[in-house]
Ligand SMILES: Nc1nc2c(ncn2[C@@H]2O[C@H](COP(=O)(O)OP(=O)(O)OP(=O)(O)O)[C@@H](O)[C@H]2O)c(=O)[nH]1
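First comes one chain, alone, set out as structure tokens in the form predicted on its own.
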């Protein structure tokens, strides 16, 4: 009987290094939303890769940061929990931006979480240099030397890639496969993520809102689906959702003149949701103010930002 390998691979990095883009590229499907805005990913999301010889449960995590409010504390806790019992660490850096204070802090964080006295002692760590397509050829060597200088307390293997252009992604997949322990399938082969359709719909709406608005407003936006109803023949679904912001001025911007902004967000989100669900969607969006929701534990829990 052929041996079967399985395990969890956790993707770590500071905000906007391309973690979600890598997860989507590894799976060949869109699971995590992607925008140019830092801190787009807020929840830990599992994406399941499956073939005859192995099953890899990739964990996309929020960008590592110093917490400033309850929302940030939840995000850092998601990173910490992702490392509990993981089999492989994918430490991702933006090669075009280089190594900064946040990478140093995350390296120290990983050294502690994977230290010799922990259950993660000895697990493989792969250093993923993303966005190599943005590094000038004359600067590649210097860039990689800087990345290799991160003070890991064990040897790590460096892999270069461009997740956006899907070059080097297969190298990551093969590296993780080679590092997996023997084990069973944790999920049915046809399961792509642990998240519900409702969660994915909320994420797609939030993605389109992020892409439409600028400055600080995206960080104040959350989405809550109040209702998802299938038609009796299941050929159409009706969705009612709220875009949540913290101030009335933000609500006005999201609504836009004559409702133009929220209408555009809804149109773009509906197309993405229809692709996800595989059937026509009627989407109703409203904009609601919940003051200081990022600082209130009760509000965070109601919006899905809590331990599962």
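Numbering follows the first chain given and starts at 1. Everything quoted here is computed from the prediction, not taken from an experiment.
Just so it is clear, the following notes concern the form predicted in complex with this ligand, a form of the same protein that is not shown.
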Contact segment among 112-120, 224-232, 157-165, 76-84, judged by heavy atoms lying within 4.5 Å of this ligand in the predicted bound form: 157-165
All of 205, 208 and 263 within 4.5 Å of this ligand in the predicted bound form, heavy atom check: no
Listed residue (281, 34, 255, 31) with a non-hydrogen atom within 4.5 angstroms of this ligand in the predicted bound form: 34
Proximity of residue 133 to this ligand in the predicted bound form, heavy atoms at 4.5 Å: yes
Residue 38, heavy atom within 4.5 angstroms of this ligand in the predicted bound form: yes
4.5 Å heavy atom contact, residue 17 to this ligand in the predicted bound form: yes
Residues within stretch 97-125 having a non-hydrogen atom within 4.5 Å of this ligand in the predicted bound form: none
